[in-house]
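To begin, one chain is listed below as structure tokens, in the form predicted on its own.
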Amino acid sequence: MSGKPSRIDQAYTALKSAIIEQALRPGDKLPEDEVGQLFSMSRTLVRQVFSRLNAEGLIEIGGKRPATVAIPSLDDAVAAFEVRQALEREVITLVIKRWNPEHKAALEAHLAREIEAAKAGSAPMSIRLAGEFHTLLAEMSGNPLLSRFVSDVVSRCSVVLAVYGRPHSADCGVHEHRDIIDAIAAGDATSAWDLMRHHLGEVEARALIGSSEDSPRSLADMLSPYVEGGAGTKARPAKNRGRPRLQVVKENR
């Protein structure tokens, strides 16, 4: 029986969604006391949340400074996409091997959500759903360890794109996901992998370029759409989101 998510799970999901949807940007500070106040948690619980996010490469912790959203290096970025290509090739192989009608229905339902987000012009939601397409596909591989690795590397690639990437093209992503679903449903492993390789190549091509600056925002402003509900469902389309290196709060002394 599944119960209500714990406070730690809710805060973890909310912060992860905020990072992936780029409401929280690389370099943004996450002081324990402010995060604790926003989610009504003790510092001890906040540290448990931070530990999970750090293990996935989403934030950086250590020392006496506040935790910050991760800023991956170019080497980290290249490594993440190399690993992702290898993992998702195996995903394609296993999903075709274990394909069933329920898989197609789930992927179609997810694609419908991507289309809805694209029509609504919700860039943050489109970014999150684009990544979730790949984690959903990995879950269908029937290999929990592979699924966990894919989820990890997809999150890392999302942070890479937040640092180096050009704007997300929801329409292109939707069409490419549609072609991948059709190839998998047809049992055509060669075509499915060629499509996936091209798709990931296009995602990678959006990364590894320069960045721009934007004005500072408070931590409460950045997280307000995520605090209630904790799943990013209240995310609003962002206006003029650049790629700042923010000093949004003062360090506690």
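A residue's number is simply how far along the shown sequence it sits, counting from 1. Everything quoted here is computed from the prediction, not taken from an experiment.
In what follows, reference is made to the form predicted together with a further copy of the same chain, a form of this protein that is not presented.
K.L.:
Can you pick the one in 79, 71, 106, 115 that has a heavy atom within 4.5 Å of a further copy of the same chain in the predicted complex?
P.N.:
Among 79, 71, 106, 115, a heavy atom within 4.5 Å of a further copy of the same chain in the predicted complex occurs only for 79.
K.L.:
Just to confirm, with a 4.5 Å cut-off on non-hydrogen atoms, which of 134, 156, 177, 128 contacts a further copy of the same chain in the predicted complex?
P.N.:
Partner contact (heavy atom, 4.5 Å) among the options: 156.
K.L.:
Based on heavy atom distances of at most 4.5 Å to a further copy of the same chain in the predicted complex, which listed stretch, 120 to 128, 107 to 115, 81 to 89, 177 to 185, is the contact stretch?
P.N.:
Result for this chain: 81 to 89.
K.L.:
With the partner left out here, if you bring back a further copy of the same chain in the predicted complex, are 55, 149 and 152 all within 4.5 Å of it by some heavy atom?
P.N.:
The answer is yes: all three residues contact the partner (heavy atom, 4.5 Å cut-off).
K.L.:
Would residue 47 count as touching a further copy of the same chain in the predicted complex under a 4.5 Å heavy atom rule?
P.N.:
Taking the distances in the predicted complex, the answer for residue 47 is yes, it comes within 4.5 Å of a further copy of the same chain.
K.L.:
In the predicted complex, does residue 51 have a heavy atom within 4.5 Å of a further copy of the same chain?
P.N.:
Residue 51 belongs to the contact set for a further copy of the same chain.
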